[in-house]
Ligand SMILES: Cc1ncc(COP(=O)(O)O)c(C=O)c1O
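So this first bit is one chain, no partners, the form predicted on its own, shown in structure tokens.
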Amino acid sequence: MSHPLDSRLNEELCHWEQQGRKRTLTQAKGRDFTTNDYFSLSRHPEVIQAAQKAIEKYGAGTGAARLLRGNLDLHEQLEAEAAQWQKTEAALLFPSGYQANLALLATLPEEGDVILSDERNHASIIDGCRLSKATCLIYQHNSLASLQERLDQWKKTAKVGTQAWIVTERVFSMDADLAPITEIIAFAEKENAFVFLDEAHAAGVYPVLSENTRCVSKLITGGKALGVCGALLCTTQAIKNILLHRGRSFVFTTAPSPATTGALLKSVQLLQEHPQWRKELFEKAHFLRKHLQAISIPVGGEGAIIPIRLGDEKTAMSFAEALQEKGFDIRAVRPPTVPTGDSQLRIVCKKDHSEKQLLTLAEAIGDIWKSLVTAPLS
């Protein structure tokens, strides 16, 4: 049966398809080089057992928001563990990193304030800025000069008592490069600004940052190195208390399930108990980068994420499909996730990838490159 909205929506979908940007859901198949489960904690027996025990003790769901009857001692135990890990006063558990960024950015910066956001920040940061009553100014990626320019622009009309807030990812999810955090915090100190740091792809992979009064929050997402889902906003006790009152995406949502909470708690504990895992992960990523560079494949970024920029969307899609046919689950990243003309393969290394698997992947990429990419290698 057709619906009155069908023609309008199908017209939009046709437009996406004509642009080569049609999206469909596909099930996982082949060796995982796509997910951000860097340490394979989603399948770690202790993490699975912790989830099972939590279900047995508390049930399958919480049934309410935390401020009603949904608050568990397990939630509070996880928050205490996360705060200790990240060297902050407190932590607040959210069902997702998206909701955490919305709560933080829509609540703390007030009308008259300014949010200075890196142009490559994640969609959840962008949407949080849009919900805020503060002015949002975008600075050029990782550019301290552009950050200064945007702040000076705001200062010309800023009222007394207003505040500047800087928001950046620590590891950018697509470019896989690092923000100059030391310099940004020094800048914030000089300019009496505060920093919101999104640690989604950094937590567990890079060492914990030292305490600093200018960096007032660290967002730890549970679906990356922790291998589960949800998010932990590690922050000051005062900010946590304000979010309990005014953080709408926290206040008006059902509390994370016991299984999620128990699994996250165990993952946080395991990452602290095994700091050598970071070294093993970087060794695998370095191994693959080295072999790709040896055959003149232009790789970008640093750390566990290895982007290969191809530019053209169709080339990126064909490249990914060819790799999938060879048994490697690698996906193409294309607009609107990345800017037009910046389509790429996004390869994610994991601690448990073997050198043989990485070598085989490098050889497959080299073979496909020769047949698909006509531009000279650089």
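Position 1 is the first residue in the sequence shown; the rest follow in order. Everything numeric here is computed off the predicted structure, so don't read it as measured data.
Heads up, the form predicted in complex with this ligand isn't pictured, but that's what we're talking about next.
- Message: At 4.5 Å between heavy atoms, is G230 in contact with this ligand in the predicted bound form?
- Response: Looking in the predicted bound form, residue contacts with this ligand include G230, since a heavy atom lies within 4.5 Å.
- Item | Contact of S96 with this ligand in the predicted bound form (heavy atom, 4.5 Å) | Within the cut-off, so yes.
- Task: Determine whether any heavy atom of K224 comes within 4.5 Å of a heavy atom of this ligand in the predicted bound form, and answer yes or no.
- Result: Within the cut-off, so yes.
- Task: Would you please decide whether N142 lies within 4.5 angstroms of this ligand in the predicted bound form, comparing each non-hydrogen atom pair?
- Result: Close contact is absent here: in the predicted bound form, N142 is far from this ligand, nothing within 4.5 Å, heavy atoms only.
- Item | Contact stretch among 195-203, 256-264, 271-279, 104-112 - heavy atom within 4.5 Å of this ligand in the predicted bound form | Every other range fails; the passing one is 195-203.
- Task: Could you work out which of H122, K284, H291, K240 is the residue within 4.5 angstroms of this ligand in the predicted bound form, going by heavy atoms?
- Result: If I apply the 4.5 Å criterion carefully, the residue I get is H122.
- Find the only residue in S132, S117, S173, S249 having a heavy atom within 4.5 Å of this ligand in the predicted bound form. By the 4.5 Å heavy-atom cutoff, the listed residue in contact is S173.
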